[in-house]
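Heads up, the chain below is alone and in the form predicted alone; it's given as structure tokens.
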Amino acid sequence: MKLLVCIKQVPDLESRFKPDAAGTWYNEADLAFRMNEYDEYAVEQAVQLREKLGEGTELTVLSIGPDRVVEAIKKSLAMGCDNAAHIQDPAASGKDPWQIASIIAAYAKDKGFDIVFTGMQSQDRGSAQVGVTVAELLGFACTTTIVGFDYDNGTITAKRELEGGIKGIVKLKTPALVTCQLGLNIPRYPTLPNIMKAKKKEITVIPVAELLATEALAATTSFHPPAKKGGGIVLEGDVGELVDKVIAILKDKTAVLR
């Protein structure tokens, strides 16, 4: 059985973000990067299935991006993936979900994958479009936002998280693609022995030009922080004075006491 898990390296959310010179994405200078959190759940679920099925199962991890994404790839290998495909693309951040999905589908179409795992969405772009588009391009069955997963004899049983805390159960035959939600499992921390083993695992580097044959369907025209709101007011003094000041401000600045 052949499994594929797709991951993305994204900026750490604790980073300080500012637009780049073109004003269409963030400036990567001084940013720390990590594996997309949703993708960590996808990797863990893929590894768990790999361990359950045992010999004869191969798990490949794929990531698109510049050289820095190798760090996230190596983490996935240390978690238990067997090998990796690095789609080398220094301009990956400028590609829309359609192009990213097309690249993944072009890589996967002749590999005979039975199940593809992806995160529900990326933490930087947040489109939640790539996984389902890959499934459509490959002609795979697909279910999204899964928080429970089981596989038996060619059938996936998945628990989906719906609105309002409602859960749904779906069954689908392989080949299939699932997008993984937070809470699906508890992603493991790579152990030192597995980190050392990961160094010997194969990472195939493929130039993006060999796989990309589509134009973007959507373009980011502006990337900017929200408009700054007015500053706050700090009041000092005795309680009685503060009450009078607050009342005066409410009358002057709002319609609350009018």
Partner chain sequence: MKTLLIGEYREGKLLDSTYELFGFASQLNADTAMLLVGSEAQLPAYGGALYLADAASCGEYNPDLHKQLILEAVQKESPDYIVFLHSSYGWDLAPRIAASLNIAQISEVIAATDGGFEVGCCNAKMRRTVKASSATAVLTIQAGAFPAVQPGGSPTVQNLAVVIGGALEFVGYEPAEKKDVDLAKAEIIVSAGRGVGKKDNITVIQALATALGGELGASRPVVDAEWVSHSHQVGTTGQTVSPKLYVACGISGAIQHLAGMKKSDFILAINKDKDAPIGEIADVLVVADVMQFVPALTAKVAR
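Positions refer to the first chain, counted from 1. Note that the rigid core is defined as the largest set of C-alphas that superpose within 1.5 Å between two forms. Just so it is clear, the structure is predicted and the values come from calculations on it, not from any experiment.
Here the subject shifts to the form predicted together with its partner chain, a form of this protein not shown in this document.
Peer 1: For the chain shown here without its partner, which stretch in 58-66, 189-197, 24-32, 202-210 has non-hydrogen atoms within 4.5 angstroms of its partner chain in the model of the complex?
Peer 2: Of the options, only 24-32 has residues within 4.5 Å of the partner.
Peer 1: Hey, in the model of the complex, does Thr220 get a heavy atom within 4.5 angstroms of its partner chain?
Peer 2: Contact with its partner chain, yes.
Peer 1: Classify Pro225 as contacting or not contacting its partner chain in the model of the complex by the rule of any non-hydrogen atom within 4.5 angstroms, answering yes or no.
Peer 2: Yes.
Peer 1: Hey, in the model of the complex, is Glu136 touching its partner chain, heavy atoms inside 4.5 Å?
Peer 2: Glu136 belongs to the contact set for its partner chain.
Peer 1: How about Gln88: is it within 4.5 Å of its partner chain in the model of the complex, going by heavy atoms?
Peer 2: No, Gln88 sits far enough from its partner chain in the model of the complex that none of its heavy atoms falls within 4.5 Å.
Peer 1: Out of 149-167, which residues reach within 4.5 Å of its partner chain in the model of the complex, heavy atoms considered?
Peer 2: Those in contact are Lys159, Arg160, Glu161, Leu162, Glu163, Gly164, Gly165, Ile166, Lys167.
Peer 1: Any chance the CA of Gly23 moves 2 angstroms or more between this form and the one not shown, core superposed?
Peer 2: The answer is no; the displacement is under 2 Å.
Peer 1: For Leu242, does the CA position differ by 2 Å or more between this form and the one not shown when the superposition is done on the rigid core?
Peer 2: Leu242: C-alpha displaced by 2 Å or more between this form and the one not shown.
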